[in-house]
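For reference, the chain that follows is the form predicted on its own, supplied as structure tokens.
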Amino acid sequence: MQETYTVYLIETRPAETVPGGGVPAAPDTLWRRYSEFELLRTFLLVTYPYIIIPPLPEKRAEFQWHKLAADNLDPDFVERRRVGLENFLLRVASHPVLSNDKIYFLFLTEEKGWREAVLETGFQDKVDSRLKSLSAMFRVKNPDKRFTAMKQYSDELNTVISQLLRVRARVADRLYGVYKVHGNYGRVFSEWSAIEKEMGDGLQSAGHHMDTYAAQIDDILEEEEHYADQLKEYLFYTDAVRSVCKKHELIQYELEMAAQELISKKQQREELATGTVRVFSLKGITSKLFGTESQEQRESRLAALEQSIQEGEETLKEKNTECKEFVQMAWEDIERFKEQKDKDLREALISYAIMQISTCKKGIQVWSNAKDCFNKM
């Protein structure tokens, strides 16, 4: 059976104006599948672990009301996903770091060979498998309170938006039923008009207004889906925020492990140099079983420990630098994201309220028209 899937047309054109009023260059166009968008985002996620990578729109419809088509090939769903994918590309394009990425540029300009170019970067080898192996028992001894608070906020925001979307889906279901039931008014008024002579025209006109009212709900709820998708974007953004926080936890954990290992090696050097051995140490047990080591063996071990300590100090220095740089870059991006989030959600909620007010006014107008029809009877 042949596979069926959706492809999306990407059109790009130079941002610069053409000097002398010349004709601008024709836009470049190419086609991309959703899976290619996923590959691009995975690459960005691995390459820029300190950045909150913009999310992709949902692959399958979530938080839907029952009349909404769940088919991934449904034209309305495909169109909403197209808008979401375009928004993803614009988010990346407006980011001060991601917009300069070479692979992102190739994604927009090279239809053939792009996937191979991504794989040649070796980004898959950089995927930190240790993140997956860390169990829930793992805890950083000295966590950064800012990242801990941000992770908690992200979890709470995820919960709040999920609840909001569920409420909206339930309201949409009930609203759909209420509007469609108004179509019965139209049918009844039309039947009634058939048995009336003087009142017939007024009843017939009122019935038409009721039919119009019942038909409005499809467009209303389709417009609502646009605002729901804006909320879903930030629902998915919470996963991106958590990803940055988890990466910081790993870097902090590696820093603490490097420090702990260095302390252990220095303690071993002190024991070896002074001849004092902890009661339950492996060295103490070995000495009792096999006797004390010679001066030459001790000096050899001391030299090896000194070398190991020097390497450990270099590792600790590198980890410390890595942690500081990550914190600086990540927090800068978090501050940028917080400003963007506040602006976007504020605008979305205001626009949603305006839409609801407009919807109510249309309903009032329908009933006002129906009242005029009754007055003329």
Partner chain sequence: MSVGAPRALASSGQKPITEILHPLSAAEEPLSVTVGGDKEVGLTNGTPVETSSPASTSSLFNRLQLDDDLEADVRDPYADSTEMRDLFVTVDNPKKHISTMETYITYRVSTKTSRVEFDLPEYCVRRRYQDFDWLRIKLEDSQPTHLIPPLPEKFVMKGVVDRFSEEFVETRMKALDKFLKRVADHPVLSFNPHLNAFLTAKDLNKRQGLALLSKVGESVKHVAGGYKLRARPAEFCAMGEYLDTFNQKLGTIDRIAQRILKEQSEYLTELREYGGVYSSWVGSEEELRRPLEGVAGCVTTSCGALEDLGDNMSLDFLPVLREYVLYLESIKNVLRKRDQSQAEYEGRLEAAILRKQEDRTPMPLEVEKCQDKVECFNADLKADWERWQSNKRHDFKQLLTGMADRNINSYEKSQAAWESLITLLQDKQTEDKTSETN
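Residue numbers count along the first chain shown, from 1. Everything numeric in this text was worked out from a predicted model, so none of it was measured.
This protein has a second form, the form predicted in complex with its partner chain, left out of what is shown; the following refers to that one.
> When its partner chain is placed as it is in the predicted complex, which of 324 to 332, 347 to 355, 34 to 42, 52 to 60 ends up with heavy atoms within 4.5 Å of it?
Going through the listed ranges, the match is 347 to 355.
> Thinking of 163, 170 and 213 as one candidate spot, does its partner chain come within 4.5 Å of a heavy atom in every one of them in the predicted complex?
All of them do, each having a heavy atom within 4.5 Å of the partner.
> Tell me, out of 227, 123, 253, 236, which residue has a non-hydrogen atom within 4.5 angstroms of its partner chain in the predicted complex.
Checked against the cut-off, the match is 227.
> Exactly one of 203, 118, 92, 241 has a non-hydrogen atom within 4.5 Å of its partner chain in the predicted complex; which residue is it?
Filtering the options by heavy-atom distance leaves 203.
> Should residue 364 be classed as touching its partner chain in the predicted complex when contacts are defined as heavy atoms within 4.5 Å?
Residue 364 belongs to the contact set for its partner chain.
> At 4.5 Å between heavy atoms, is residue 182 in contact with its partner chain in the predicted complex?
Contact with its partner chain, yes.
> Looking in the predicted complex, any heavy atom of residue 311 within 4.5 Å of its partner chain?
Result no; residue 311 lies far from its partner chain in the predicted complex.
> So in the predicted complex, does residue 139 come within 4.5 Å of its partner chain, heavy atom to heavy atom?
No, residue 139 stays farther than 4.5 Å from its partner chain in the predicted complex.
> Hey, which residues along 143 to 158 are within 4.5 angstroms of its partner chain in the predicted complex, non-hydrogen atoms only?
Contacting residues: 153, 156, 157.
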